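Only one chain is given next, in structure tokens, and it is the form predicted alone.
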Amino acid sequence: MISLAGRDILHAWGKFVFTGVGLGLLVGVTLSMAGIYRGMVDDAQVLLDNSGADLWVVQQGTLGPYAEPSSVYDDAYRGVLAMPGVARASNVTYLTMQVRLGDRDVRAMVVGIVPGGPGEPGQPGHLVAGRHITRGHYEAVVDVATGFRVGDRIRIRRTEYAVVGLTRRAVSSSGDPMVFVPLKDAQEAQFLKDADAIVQQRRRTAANASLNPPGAPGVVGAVVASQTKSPYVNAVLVQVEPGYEPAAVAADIQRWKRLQVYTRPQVEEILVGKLIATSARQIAMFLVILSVVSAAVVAFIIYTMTAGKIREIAVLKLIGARNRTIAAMIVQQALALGAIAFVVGKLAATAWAPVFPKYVLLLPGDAVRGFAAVMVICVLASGVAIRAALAVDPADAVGG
């Protein structure tokens, strides 16, 4: 029975292999779609890992700092640092924008951090070249995915920064590479106004009687000075002392500091369950459509192959071959076709994954599930061909 299917494949092996290669490219697209979803989830996990935080302190009533805007006074970290169980606390800002190098610009997440050594919340954990930020202004550490190198001078808004270090896999939840700059510079970039806006703001402040009362010329100057800098950050990252439960520390901060505090599982739920939920459902729909298309293609191919050897099947029936022998031959050919398609698809997905602009993560577990799905689809799709083969009359072997 096995040799019967094998002999039939060897009889037209070229057509069989090329058909498997074509189907394999379709399987490769399906595996790549699953890899894109896995990459999105991994980007979210990497974002949290790189922050080095156990707790995220944000504005009350918001899902910040990643899913919604959040503004917290930049001196709030001092009160958080004094809470029991808090080992370290550090301000951080996040802003997605274009970063320019000469005539080229790159979409990146600009992260404002307090200059310090590795281990501090928000710091890039591992550098592959250069050093960490040590100065309060005009230095940057970038992810290698930006294409920048140590020594380059990049421009964020109107300010130039010297790239002093490179890190790897520091990305936002949407896959944009990160650019780390000193916190003061990031605050200025996030809330910087152009010259015309500053002039108009000063004119409106001077025209406001409550901000420029008669006989007190110093008031308007103080108001204008307070408007030239931003006292806000997006979040305070907190590391908890060993022996303390993060949820308990978060509850104390939330109660006494009147701020929203999220633990890591809660931030993961926000990122995966809310931020990338729509993209995940869209990819799931693509996977379902591709599975249906693959099943239809396999059914058509197996049916065509079976229809092309009606006379041979009639001869088998004439010499006494049982129906289950013929059905087994068709199923084995379908499984062989599926095996070739899966191998080609896996190789193709692995080969073109690095070319994708977003991170594509191909997990061995997904490959095993994909192989099982391909085999099941091939068995189900061969049903149409089996039905056609069993309907063949043995007299067709001699009737022409």
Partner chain sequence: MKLPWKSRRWMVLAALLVPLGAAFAYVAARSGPLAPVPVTVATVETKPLEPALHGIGTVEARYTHRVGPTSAGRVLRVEVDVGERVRAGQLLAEIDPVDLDARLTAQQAALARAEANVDAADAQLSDAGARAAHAATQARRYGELSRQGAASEEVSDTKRQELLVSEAAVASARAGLEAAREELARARADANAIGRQRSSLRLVAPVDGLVSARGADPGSTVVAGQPVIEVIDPTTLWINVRFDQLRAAGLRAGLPARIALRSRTGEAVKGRLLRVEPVADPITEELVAKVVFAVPPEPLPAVGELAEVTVALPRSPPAPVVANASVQRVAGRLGVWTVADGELQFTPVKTGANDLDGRVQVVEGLQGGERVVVYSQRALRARTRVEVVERIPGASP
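Because the structure is a prediction, the values reported are computed rather than measured. Positions refer to the first chain, counted from 1. Only the largest set of C-alpha atoms that superpose within 1.5 Å between the two forms is called the rigid core.
Below, we refer to the form predicted in complex with its partner chain, which is not included among the displayed structures.
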Response to the item:
Among 358-366, 327-335, 55-63, 32-40, the stretch whose residues bring a heavy atom within 4.5 Å of its partner chain in the predicted bound form is 358-366
Worksheet item: Quick one: does Lys274 come within 4.5 Å of its partner chain in the predicted bound form, counting heavy atoms only?
Response: no
Item to complete: Check whether Val128 has any heavy atom within 4.5 Å of a heavy atom of its partner chain in the predicted bound form, and answer yes or no.
Response: yes
Discussion item. Whether Ser210 contacts its partner chain in the predicted bound form should be assessed with a 4.5 Å heavy atom distance threshold; does it?
Written reply: no
Worksheet item: Any of the heavy atoms of Glu268 lying within 4.5 Å of its partner chain in the predicted bound form?
Response: no
Worksheet item: Should the three residues Pro84, Arg107 and Arg255 be counted as contacting its partner chain in the predicted bound form, with contact defined as a heavy atom within 4.5 Å for each?
Response: no
Worksheet item: Which of these residues, Arg135, Arg204, Arg281, Arg322, gets a heavy atom within 4.5 Å of its partner chain in the predicted bound form?
Response: Arg135
Worksheet, complete the sentence: Within 55-90, the residues having any heavy atom within 4.5 Å of its partner chain in the predicted bound form are Tyr77, Arg78, Arg88
Item to complete: Align both forms on the core first, then report whether Lys309 has a C-alpha shift of 2 Å or more between the shown form and the other one.
Response: no
Discussion item. Is the shift of Arg100 between the shown form and the other one large enough to count as movement, that is, does its C-alpha move by 2 Å or more after the core is superposed?
Written reply: no
Worksheet item: After a core superposition, would you say Arg264 shifts its C-alpha by at least 2 Å between the shown form and the other one?
Response: no
